[in-house]
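Taking the form predicted alone, here's one chain by itself in structure tokens.
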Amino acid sequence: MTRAIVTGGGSGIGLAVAQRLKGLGHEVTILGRSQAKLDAAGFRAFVCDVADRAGVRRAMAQAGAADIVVNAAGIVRSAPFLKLSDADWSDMWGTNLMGAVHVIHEALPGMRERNAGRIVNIASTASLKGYAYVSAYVASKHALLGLTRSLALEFAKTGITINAVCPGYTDTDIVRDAVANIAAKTKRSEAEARAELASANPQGRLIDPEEVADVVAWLVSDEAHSITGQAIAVAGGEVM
């Protein structure tokens, strides 16, 4: 049985990925910051802030060797560039980029020993284009995609593949928080704010987390052994 570790596994895309991988017969461990969310998810789980390298080292040691790693932990804060604080930049960089760096750094030695492994980074369409008012988030996701591509080349001659999945606006807590924030700041209804985000997708809808999980499931399968260094958009044609 292959063993998978999913960060941000207590909710949203991470939880959908964990459920999908479990359904395929993988042994799944999830990491996340909220004990309550981890308990509710129903998986073997360890509390861990991926921005904390020492914490990641402890959690990954407890979780054990991984054949599959999915980095789904992420945070976003929306504000005009001139109003973003250094703490905002540090927090988003620490979670969205360095969180993946920390987890991959712990997982790769075992994968190299076995000459096999699958790493999938949940990036975003924000790794492929710019969006106003989320400059720190966009920068961190561009960096995550750059990491993905560089590592894919570095390990191309091994049995390890490293890819990114890039969802558009997805129906998760992050988007629900964004909707509430837009409504509060603009005095529009939450339905109007939600429709505005959905309009970025040419199909006129938000992405379901399960759709992202389906792409991850393919990328970690034997059929995708030649797929590495790719950024696969799940966004209804928003980016091409």
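Being a predicted model, the structure only gives us computed values, none of them experimental. Just count from 1 along the sequence shown to find any residue number.
Just so it is clear, the following notes concern the form predicted in complex with a small molecule, a form of the same protein that is not shown.
Practice task
Please check if residue 73 has a heavy atom lying within 4.5 Å of any heavy atom of the small molecule in the predicted bound form.
Solution key: Close contact exists here: in the predicted bound form, residue 73 approaches the small molecule to within 4.5 Å, heavy atoms only.
Practice task
Answer with yes or no whether residue 48 is in contact with the small molecule in the predicted bound form, where contact means some heavy atom within 4.5 Å.
Solution key: Judged by the heavy-atom cut-off of 4.5 Å, residue 48 is in contact with the small molecule in the predicted bound form.
Problem - the small molecule contact in the predicted bound form: residue 62, any heavy atom under 4.5 Å - result: Residue 62: no, not in contact with the small molecule in the predicted bound form.
Exercise for the section: Please run the contact check for residue 118 against the small molecule in the predicted bound form: heavy atoms, 4.5 angstroms, yes or no? Expected result: No, residue 118 is distant from the partner.
Problem - Candidate from 41, 182, 215, 174 lying within 4.5 Å of the small molecule in the predicted bound form - any heavy atom - result: Selected option: 174.
Exercise for the section: Could you tell me which of 137 to 145, 154 to 162, 110 to 118, 82 to 90 sits within 4.5 Å of the small molecule in the predicted bound form, going by non-hydrogen atoms? Expected result: Selected range: 137 to 145.
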